[in-house]
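Below you'll find only one chain, the form predicted on its own, shown as structure tokens.
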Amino acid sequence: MILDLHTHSIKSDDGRAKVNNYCQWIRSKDINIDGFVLTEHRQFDLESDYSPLAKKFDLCILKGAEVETEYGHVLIFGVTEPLMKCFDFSSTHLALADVLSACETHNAVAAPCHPGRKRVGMWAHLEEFGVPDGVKIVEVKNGGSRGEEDQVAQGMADELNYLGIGGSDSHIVSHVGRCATRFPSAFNTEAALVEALQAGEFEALSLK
């Protein structure tokens, strides 16, 4: 199963893609993914139900979040209402340690994204803050990366023994599926995605 683990819709402040249009694009262009995870900026979308679209287009559509910490941006998979009470998702100054601790307590997975990027990536903050405890997975392939950003991310992952995931970081429809993550088995729930990530059997892909 191949999932794009990092996408944004119009619910993100800088997103210009409607979820329906993502689905249409994937099918019309025969994009080699089985679904995607909507990781909206500084929020978790409790309201939207994408199961009718998932059924119509035979795609797995899951929801996560992207939050902001002193180490840069972090994807969260397996968000629940109890987890949402642990910290303010809308804050731009979260402590990574608090995010990691809350995810550990509530059986969610936190993964720093585009870590090779200046300012919003984890690698840029290691000299100032040191190597954080508790990180296990980072995004090593990002569809919006430029220059050597993915190479920096992979180098950091290799050095610190992190597992690597991939996602397009798409904000417009045509960018979905540029990077993704391959899992050995199919699933269709956020809880199953968490289990698959915790199992550690996955591979980051570049599909550019």
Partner chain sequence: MSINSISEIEFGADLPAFEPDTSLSAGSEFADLVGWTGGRFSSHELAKKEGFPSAIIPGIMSQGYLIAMIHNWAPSAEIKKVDTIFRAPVLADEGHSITGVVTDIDEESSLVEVDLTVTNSKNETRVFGTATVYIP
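It should be emphasised that the depicted structure is a prediction, and the values quoted were computed from it without experimental measurement. Numbering follows the first chain given and starts at 1.
The following text describes the form predicted together with the partner chain, which does not appear among the structures shown.
Taking the partner from the other structure, the partner chain in the predicted bound form has a heavy atom within 4.5 Å of a heavy atom of residue 172. The partner chain in the predicted bound form is approached by residue 18, whose closest heavy atom lies within 4.5 angstroms of it. Of the heavy atoms in residue 25, some are within 4.5 Å of the partner chain in the predicted bound form. The closest heavy atom approach of residue 52 to the partner chain in the predicted bound form falls outside 4.5 Å. This chain lacks the partner; the member of 56, 29, 182, 42 within 4.5 angstroms of the partner chain in the predicted bound form by a non-hydrogen atom is 29. Contact with the partner chain in the predicted bound form, judged as any non-hydrogen atom within 4.5 angstroms, is confined among 144 to 152, 160 to 168, 44 to 52, 30 to 38 to 144 to 152.
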